[in-house]
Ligand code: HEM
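One chain follows as structure tokens, the form predicted alone.
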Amino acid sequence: MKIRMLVVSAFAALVLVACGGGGGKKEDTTVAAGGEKPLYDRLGGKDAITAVVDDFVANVAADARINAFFANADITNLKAKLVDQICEASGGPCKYTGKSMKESHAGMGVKEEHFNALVEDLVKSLDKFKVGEKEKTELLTALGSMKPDIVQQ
């Protein structure tokens, strides 16, 4: 498996964050403006994103700083939504169909330190799979734009 990937996620907003490209359908490898492939392709596509998300969710589950937020979560659904979210955010063919970040985090009391812990857990997974610095930065920037809808003041 090409492990030059990611899901973002973080956030996978995180937490951050299933593609419609299954069924043997060939994934798009269109070259973006400037002659570079989309981030989705540079991350390794859906299989690579799924591998990172699986590892990331395990990191979150083991992280006492934030795992209580996910105690009652449907983990299978969470993983699928995160894959969709990261896939879409990175320019892939997926479509995230879950709740908005504002709606899904309302009333949870997510603070800056919780968000940062989640990002740390995602970076740990990205590093484990040897995602390049450029791709990591692009992904974290895309996912980081969700922070205002997740962190509650």
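Residue numbers run from 1 along the displayed sequence. Quick caveat, the model's predicted, so the values are computed rather than measured.
The protein also exists as the form predicted in complex with protoporphyrin IX containing FE; that form is not presented, and the subsequent description refers to it.
With the partner left out here, protoporphyrin IX containing FE still marks one of 87-95, 103-111, 124-132, 45-53 in the model of the complex; by a 4.5 Å heavy atom cut-off that stretch is 103-111. Contact between residue 39 and protoporphyrin IX containing FE in the model of the complex is not found at the 4.5 Å heavy atom cutoff.
With contact defined as any non-hydrogen atom lying within 4.5 angstroms of protoporphyrin IX containing FE in the model of the complex, the contacting residues in 80-95 are 81, 82, 85, given in sequence order.
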